[in-house]
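Take a look at this single chain, the form predicted alone, given in structure tokens.
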């Protein structure tokens, strides 16, 4: 492989990884704090993509600006889902919450198929700019902006978790739920807020994905798989770990597409997941005991 091709493949992987970080961050946060594997996450991303698509088609709103509205709106939906549905089974075994969110995912996904069909739709060029050329590397502007926005949104949530009162309460519940309760933290409210933040990130990720990739409800399982692998790679419950996991996954998929073919990207991601589970189950930035 020539140096120029190596640089191009690496750049493609990092750009893809930036988007993957946004896809994984909310999923990782919900799993780490609530111990709920949110199967609804993939469809929530697709819902965000459709909102961005229709905002672009009907009103000419840039998908990056749509994220500022779509994210909080889907976050509010997530808060209600946790408060009135998930909360009722939060103390049950993980399998029960898994089945509940899987059922909600099926309902939302089938509703989108009924409303929009399974046909793929695509937003045109958002920036309208030609690809940047940096040395031997060509960088599509829309993909660069989407990747940077995905990482920025993830870092913003990390800062919120570490600097705000609610964020510190979320971290406290993740580390030790019983002690947090004794300190006066209202765990039920924290769970609802965390689920809402997780789905808000899914909505934002959906808007960013819509700026780059075609949109269809059939994308939902793929997005969920990406979130799962990047979450395990980075470390359960770690927002910064989601960035690292997303970048690693993006680079591995990019090189895998060159060496074994793009049709095997899911296989490559699955092999990477198995290796990580055997070598370091807590993830690259996770702590033992939280896996």
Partner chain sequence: MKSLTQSPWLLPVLVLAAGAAIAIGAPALLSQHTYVSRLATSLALLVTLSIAWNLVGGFTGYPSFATAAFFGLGAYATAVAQQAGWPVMAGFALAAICGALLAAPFGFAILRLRGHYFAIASLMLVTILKELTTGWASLTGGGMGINLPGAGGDPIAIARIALQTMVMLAAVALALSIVVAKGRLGFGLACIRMNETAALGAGIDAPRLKTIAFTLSAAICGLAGAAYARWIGYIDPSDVYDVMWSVRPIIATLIGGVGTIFGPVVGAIVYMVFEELMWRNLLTFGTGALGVLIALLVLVMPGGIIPTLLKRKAS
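Numbering follows the first chain given and starts at 1. Model, not experiment: these values are computed from the prediction.
The same protein also exists as the form predicted together with the partner chain; that form is not shown, yet it is the one meant from here on.
89 is the sole member of 129, 156, 218, 89 with a non-hydrogen atom within 4.5 Å of the partner chain in the predicted complex.
Taking 56, 31, 50, 255 one by one, only a single residue has any non-hydrogen atom within 4.5 Å of the partner chain in the predicted complex, and it is 31. The three marked residues, 120, 212 and 251, fail to reach the partner chain in the predicted complex, with no heavy atom of any inside 4.5 Å. Remark: of stretches 40 to 48, 241 to 249, 65 to 73, 261 to 269, the one touching the partner chain in the predicted complex is 261 to 269 (heavy atom within 4.5 Å).
Proximity of residue 94 to the partner chain in the predicted complex falls within the 4.5 Å heavy atom cutoff. Contact annotation: residue 102 falls within 4.5 Å of the partner chain in the predicted complex, judged by heavy atom distances. Using a 4.5 angstroms limit between non-hydrogen atoms, residue 152 is distant from the partner chain in the predicted complex. The partner chain is not drawn, but in the predicted complex it has no heavy atom within 4.5 Å of residue 179.
Contact residues in stretch 69 to 86 (any heavy atom within 4.5 Å of the partner chain, taken in the predicted complex) are limited to 85.
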